[in-house]
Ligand code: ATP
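The chain that follows stands alone, in the form predicted alone, written as C-alpha cells.
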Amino acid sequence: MAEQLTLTPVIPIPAHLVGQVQAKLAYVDEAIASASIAADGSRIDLQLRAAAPADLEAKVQSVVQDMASGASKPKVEVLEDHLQRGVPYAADPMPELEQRGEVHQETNGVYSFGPLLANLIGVFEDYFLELAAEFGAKPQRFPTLISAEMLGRVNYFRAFPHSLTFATHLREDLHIISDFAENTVYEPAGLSASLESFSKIQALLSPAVCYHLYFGLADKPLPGGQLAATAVGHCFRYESSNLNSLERLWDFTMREVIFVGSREYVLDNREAARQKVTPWLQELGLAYMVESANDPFFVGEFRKQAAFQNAFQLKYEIRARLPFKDSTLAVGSYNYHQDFFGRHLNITLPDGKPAHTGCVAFGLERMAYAFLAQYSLDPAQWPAIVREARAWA
C-alpha cells in the first residue's frame, strides 16, 4: 500500500531552489511516486509506491545538502516582461484536448496529436523558418539517434545523466533472438526480457538538435569562419514523475536556429534573434517574460554549472504564463555556449582558436500548449496572426 513520508531538510532549502530540488527528488529512488517541497523549503513530502527503503531519507538529504549547501540566490536578469498581458482564457486546455481526441497518450510522456494541434504547431514552425531565413540559416536534417562516443566527448553523461534515454538492440546471438521472439511479453514494469539479451550501448535518443551540427563540424576548421543553420528534430529527456501533460514530455520537438563562429558573431546573432522574435510574440498576444536561467544539471554538477551559466548570462528563457495554475512554462530559449563545443570537439576558426556556438530554440509542443492555455481551443478567440494562417474548421 502506498505511503507518505514527511521529512525536515537537513539544511533549509532556499526559496529560489525549491523547484529545482523538488524536480531532482524524482530521481532519488524508484520508491518515490511524487515529491513536493513547502514553498519556504521547510518540509519535504514524499508519496511512496511502497514501504520506504532503509536508505531513502539519507539519499533525499544528500540531494538537499549537495544542492542547497552554500547556495546563494542568483541575480535574475529580466529582458522582457509581458506576463500581465490580458488573455481571454484561464482554464487548463488538457481535458478538452483529450476529450476531442487532439492528444493521445501512448505511454508516459509520449503523445500523438490531432489536426488542430498539428496545424497550430505548423503555424509556429512557419514563423521559425522565416526567422531562420533572415539569418541565411541553411536547413539541416539530423537523425533521432545520437552517438554515445560524441556525447561522451562533451561531458553530457556527467552533466545530465538523469535525463538520458538509451538505444539498444538484441545481441547477435541466435539463441537470444529466438528466446526473445518466443517468450518476451510486456509486463506492468516493462518487457520481460533479461538485460543480458541486449547489446552494449553505442547510441542514445538525441537530447538536443544543435549537438548534431557540432558533432558534424568536429576535428576540422570551420568553413568560412562562421555558420548559421536551422533544423527541427525530436528530443528525448526522461523526467520520471516530473513528466506532466504537454508541459514536460519525454519525446518532444525542437526547432533551432544555430550559430557557430567568433564570440562576437554568436552573441550578436543571438541578440538579433531576440530582437526579431519580440515583435512576433507581441503580435501573437502571448503573455510571457524573458529572463536569465540555467539548464537542469544533475545534482553533483548543479551548483557549479548553474552559477557559471547565470554569472556569464549564457541562457535566457522565454517563459509563457499558464493562467490556470498561476505559473510559467519555458517555451523557448536564447543560448550561448562560449567556446565549450569548439574546445571539446576541436572546431577551429581561421586563426586556430576554438569556435563559439549558440542557438535559439523553441519547444513546439510547449509553445502550442501555452498558447492554448491563454487562448482556448476556439480559433475565434485567437489573434489574427494565428486565426488567419490556416483553415481551422
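Note that the structure is a prediction, hence the values are computed from the model and not measured. Residue positions are given as counts along the sequence shown, with the first one as 1.
Below: the form predicted in complex with ligand ATP, not depicted.
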Sort through Glu291, Glu283, Asp92, Asp295 and report the residue having a heavy atom within 4.5 Å of ligand ATP in the predicted bound form.
Asp295
Select from the listed residues Val63, Ala368, Ala361, Leu345 the one whose heavy atoms reach within 4.5 Å of ligand ATP in the predicted bound form.
Ala361
Within a 4.5 Å heavy atom cut-off, is Glu317 in contact with ligand ATP in the predicted bound form?
yes
Applying a 4.5 Å heavy atom distance criterion, does Val331 contact ligand ATP in the predicted bound form?
yes
Using 4.5 Å between non-hydrogen atoms, is Glu102 touching ligand ATP in the predicted bound form?
no
Do Arg237 and ligand ATP come within 4.5 Å of each other in the predicted bound form, heavy atoms counted?
yes
So which stretch, 247-255, 273-281, 134-142, 212-220, is the one near ligand ATP in the predicted bound form (non-hydrogen atoms, 4.5 Å)?
247-255
